[in-house]
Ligand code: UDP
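For reference, the chain that follows is the form predicted on its own, supplied as structure tokens.
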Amino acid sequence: MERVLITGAAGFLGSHLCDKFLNEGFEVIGMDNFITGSVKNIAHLSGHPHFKFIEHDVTQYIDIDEKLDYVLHFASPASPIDYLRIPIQTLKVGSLGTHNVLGLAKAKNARVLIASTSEVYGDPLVHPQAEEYYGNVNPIGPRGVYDEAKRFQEAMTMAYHNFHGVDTRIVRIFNTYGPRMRLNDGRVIPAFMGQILRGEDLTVFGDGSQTRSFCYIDDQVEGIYKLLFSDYHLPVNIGNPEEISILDFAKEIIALTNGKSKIVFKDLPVNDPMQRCPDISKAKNILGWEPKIDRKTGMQQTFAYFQSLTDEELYDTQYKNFDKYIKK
């Protein structure tokens, strides 16, 4: 059996990737330090004969005894609340963590896929965003720690590819949603659904004219899987190009959930992107991939997951795992 290491395995995306590779017949080593991940996301894998978990911070040296065929680097805080509260750790996992993962892949002669993000485009001046666009990023703004960590991560990955000959892949992930999202992570889907379930008003920033596009987790995982086994080493956008304004999306969520919440408006956060929509031409042409799950179906499944949360989870706004990292 081929073996894959997945960092960030207890996170939203990482845990679904563990499921995918196990279902495809791989041995999976999951790695996470639980700074934003949750044991709950991988609890169902406990005792699985082909799953091994290592609790470890990837910004520290990574030592794996077993042979590795593939490494997927998905360890990173990934929401505004995360990288505003733990900015140093966000920068470290994108730099030191990526360096450690690439060094491990080189030592093991393993193919490595690095999880980048649509945030490398910043507040884009080009729409939709194609991979050739260099972006419009404020390196010293409040979002800079995440945006620049991911941009540096891409640069280091290409350096390892070009200088050391490491077999690399880079996925630029656009807004993805589905079961196992953290309710309190500050992103728009869990924020809206949490507010609906708690009977609160929905908070829209600015006038709500800013746009987003949302890709369901199953589609995202399939795109990542196809990219890993392609022959393409430059960045590829994986996301859903169906665009919607945040105001219209708030109305859609209220209608979908039969909610009675009102919409309230607050000031737009600094450097919040006004448009976010992927050009997925490369994914279509190179990978033969495009999203299949429509937003209504995906949102229904996601809302059902949030409805299953306990009251303690629903009203939990604490960030228990952050404390030991904040001063690092």
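Quick caveat, the model's predicted, so the values are computed rather than measured. One rule holds for the numbers: they count along the sequence shown, beginning at 1.
The same protein also exists as the form predicted together with the named molecule; that form is not shown, yet it is the one meant from here on.
Visitor: For the chain seen here without its partner, which of 206-214, 253-261, 130-138, 99-107 has a heavy atom within 4.5 Å of the named molecule in the predicted complex?
Guide: Of the options, only 206-214 has residues within 4.5 Å of the partner.
Visitor: Name the single residue among Gly186, Pro142, Pro87, Pro179 that comes within 4.5 Å of the named molecule in the predicted complex, judging by heavy atoms.
Guide: Exactly one residue meets the criterion: Gly186.
Visitor: Considering the named molecule in the predicted complex, which of Glu290, Asp69, Asp272, Asp279 comes within 4.5 Å of it through any heavy atom?
Guide: Among Glu290, Asp69, Asp272, Asp279, a heavy atom within 4.5 Å of the named molecule in the predicted complex occurs only for Asp272.
Visitor: Since the partner isn't included here, can you check whether the named molecule sits close to all of Tyr121, Pro241 and Ala283 in the predicted complex (heavy atom within 4.5 Å for each)?
Guide: No, because Tyr121, Pro241 and Ala283 lack any heavy atom that approaches the named molecule to within 4.5 Å in the predicted complex.
Visitor: Is the gap between Asn237 and the named molecule in the predicted complex 4.5 Å or less for some heavy atom pair?
Guide: Answer no; every heavy atom of Asn237 is more than 4.5 Å from the named molecule in the predicted complex.
Visitor: Quick check on Asn175: any heavy atom within 4.5 Å of the named molecule in the predicted complex?
Guide: Contact with the named molecule, yes.
Visitor: Does Ala191 make contact with the named molecule in the predicted complex, using a 4.5 Å heavy atom cut-off?
Guide: Contact check for Ala191: yes, within 4.5 Å of the named molecule in the predicted complex.
Visitor: Is Ile64 part of the interface with the named molecule in the predicted complex - any heavy atom within 4.5 Å?
Guide: So Ile64 does not count as contacting the named molecule.
Visitor: Who in 224-259 is close to the named molecule in the predicted complex, meaning a heavy atom within 4.5 Å?
Guide: Contacting residue: only Ile246.
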